[in-house]
Structure formats: structure tokens, C-alpha cells
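One chain is shown next in C-alpha cells, namely the form predicted alone.
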């Protein structure tokens, strides 16, 4: 099936709603991340808090990519969600937007590798994998993961992959399935 890359008012409104919804979720997850970091630090697993919640922090990208089926929609959805989080007073300030771009591009790669022709479980899983790899690489640079022991790095990567698969794979697929049942999406960009 061929998909149009044109944006319509309905697409823009829905993307805005997704960004607001996830921006609020991202903002709420910040304190949970802090509590989890404090709880895990005494046992040497403080860095793992980031990886446990990463799947939640990257949901807007694959959801937007899967719903809109347009080049750039995953990047845009994730970036706009990060902008909302920042404006709500997220603890990372403006740097949240950089993370939003990195996470959005990472999610977009999964759809890019299928030539934007497949929007199914395979492309969603590919998006999960590219998101995990790219964001982990970003954290190697930004959060100093490169200084960790190889055993901890492997554990953090596996935790991130599982978190991303649960939230940005399974949960996104379930959300899309629910939206499809409402028939709201039948004329959506298809």
C-alpha cells in the first residue's frame, strides 16, 4: 500500500495531541526516574534507572511513525513530546530537546530501513532495536556509560532493550490496535 507524505490538518491536530499526552507522561516520569536512581544506587545499579524507564521516554516516536506512516513523523512526534516536557519544567531543561531529536531519529531509523513501505510488527520491532542501539550510543557519550565495566554495560543494554520493547513495541502496538478498532484511523493518512 502506498502512503502519502502530505500532512493534513487532522494529522497535525492528532500529532499535537500525541505530543502533549506524551510530554506530560515524560515530565511525570522524571521524579520516578529520580526515586528509582536513589533506590538502585546503594547496590551499584543507579545507572539502570535510566534504562528501566527509557521505553516510556521513547514511546511518542514509534507511535507517531506507526500511525502517520510519513517520513519524519517518528522524529517529529518524539521531538514535540520533548518540547512539551521541557515547557512543563522537566528537570533536564532545554537539553530535553536534544534527547528528543536523538530518540526521534533513532525511532525513525526502524521505519527508514524498511523504505517506509512496511508498517507492521517487523518495522515496529526494527524501530525498537534502532532506538535501543542509538540511544545507548548517545548515553555512552552524554551520560558517561563508556566508563562502565563491560558487564554493567551489557546488563544496561539488555534492560533498555526489554523496556523499549515492552513500552515502544508491545504497548504502542496495543494502542494502535485500539485506535484501529475505533475506526478513527481509517481515513488517517492512508
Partner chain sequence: MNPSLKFLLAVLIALEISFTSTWMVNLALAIIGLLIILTSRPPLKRLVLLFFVPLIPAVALAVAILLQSNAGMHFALVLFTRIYAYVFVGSAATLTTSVSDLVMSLEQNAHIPSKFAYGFLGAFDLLPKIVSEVNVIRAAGNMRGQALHIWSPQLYFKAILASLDWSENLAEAMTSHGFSEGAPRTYFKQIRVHWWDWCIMISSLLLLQIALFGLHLQ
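Rigid core (definition): largest C-alpha set, two forms, superposition within 1.5 Å. Numbering follows the first chain given and starts at 1. All figures in this text were calculated on a predicted structure; none of them were measured in a lab.
This next part talks about the form predicted together with the partner chain, which is not shown.
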| item | value |
| --- | --- |
| Contact of residue 161 with the partner chain in the model of the complex (heavy atom, 4.5 Å) | no |
| Contact label in the model of the complex: residue 124 to the partner chain, heavy atom within 4.5 Å | no |
| Exercise: residue 138 in contact with the partner chain in the model of the complex, heavy atom 4.5 Å | yes |
| Close approach of residue 45 to the partner chain in the model of the complex, 4.5 Å, heavy atom | yes |
| Residues of stretch 72-101 in contact with the partner chain in the model of the complex (4.5 Å, non-hydrogen atom) | 76, 80, 83, 84, 86, 87, 88, 89, 90, 91, 92, 93, 94, 95, 97, 98 |
| Threshold 2 Å Cα movement between this form and the one not shown at residue 10, rigid core reference | yes |
